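Shown here is one chain on its own, the form predicted alone, set out as structure tokens.
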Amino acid sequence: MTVATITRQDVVNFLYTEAKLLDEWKLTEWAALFTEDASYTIPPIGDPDANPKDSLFFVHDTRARLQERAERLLKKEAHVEYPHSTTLRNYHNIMVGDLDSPVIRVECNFTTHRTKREVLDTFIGRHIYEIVQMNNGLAIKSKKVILHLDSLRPQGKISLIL
């Protein structure tokens, strides 16, 4: 695939593949979707433009930390997620930026439903991606998760990858 052949549908299918990998708990395969210099961030609720040098982020991972997070969540020792939650992710209102740009900006709303121990939690918000072409496919250079919640209650924590 060359830059000229990337279509909006290619980008949308890539996002749906990401969601499927996460829902199936294929976290190492999910981490492989990211470039070596990638970042994955979840800024504080109500402050999507926060600077990680001045604010405490829920997640502020480099590619290496992302890989470690994925591997750790798959272990039985990750008690909060063992056995794994059942999740269902929906991506909607997908807006794809300039396909001819070396870095394609993509924004979408998301809903992630999580059920565990007879409790249903719902996370809602917006994903902002920077997607690049790599190895005849697409890869995530950055993913920012902006939660549109008043607080983490009733969930109380983020124990899964959003």
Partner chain sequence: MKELIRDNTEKCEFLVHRSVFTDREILARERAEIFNKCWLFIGHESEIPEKGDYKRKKVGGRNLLLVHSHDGEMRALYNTCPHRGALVCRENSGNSRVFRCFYHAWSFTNDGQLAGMPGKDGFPDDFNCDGTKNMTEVNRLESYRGFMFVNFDDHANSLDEYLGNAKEYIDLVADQSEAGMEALGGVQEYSVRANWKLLAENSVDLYHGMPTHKTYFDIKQGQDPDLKKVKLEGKGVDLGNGHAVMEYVAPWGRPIAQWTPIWNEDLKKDMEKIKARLVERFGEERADRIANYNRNIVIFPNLVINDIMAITARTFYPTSPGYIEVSGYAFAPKGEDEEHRMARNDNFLEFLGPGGFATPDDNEALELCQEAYNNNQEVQWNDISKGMVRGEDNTLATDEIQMRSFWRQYKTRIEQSLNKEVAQT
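This one's a predicted model, so the numbers in the text were calculated from it and none came from an experiment. Numbering follows the first chain given and starts at 1.
We do not show the form predicted together with the partner chain, though everything after this point is about it.
A heavy atom within 4.5 Å of the partner chain in the predicted complex is found for exactly one of K26, R126, R105, K116: K116. In the predicted complex, R72 approaches the partner chain with a heavy atom inside 4.5 Å.
Contact check for D54: a non-hydrogen atom falls within 4.5 Å of the partner chain in the predicted complex. Using a 4.5 angstroms threshold between heavy atoms, V59 counts as touching the partner chain in the predicted complex. For the chain shown alone, A78 is a contact residue for the partner chain in the predicted complex, at least one non-hydrogen atom being within 4.5 angstroms.
Just one listed stretch, out of 131 to 139, 26 to 34, 44 to 52, 95 to 103, contacts the partner chain in the predicted complex at the 4.5 Å heavy atom level, and that stretch is 44 to 52.
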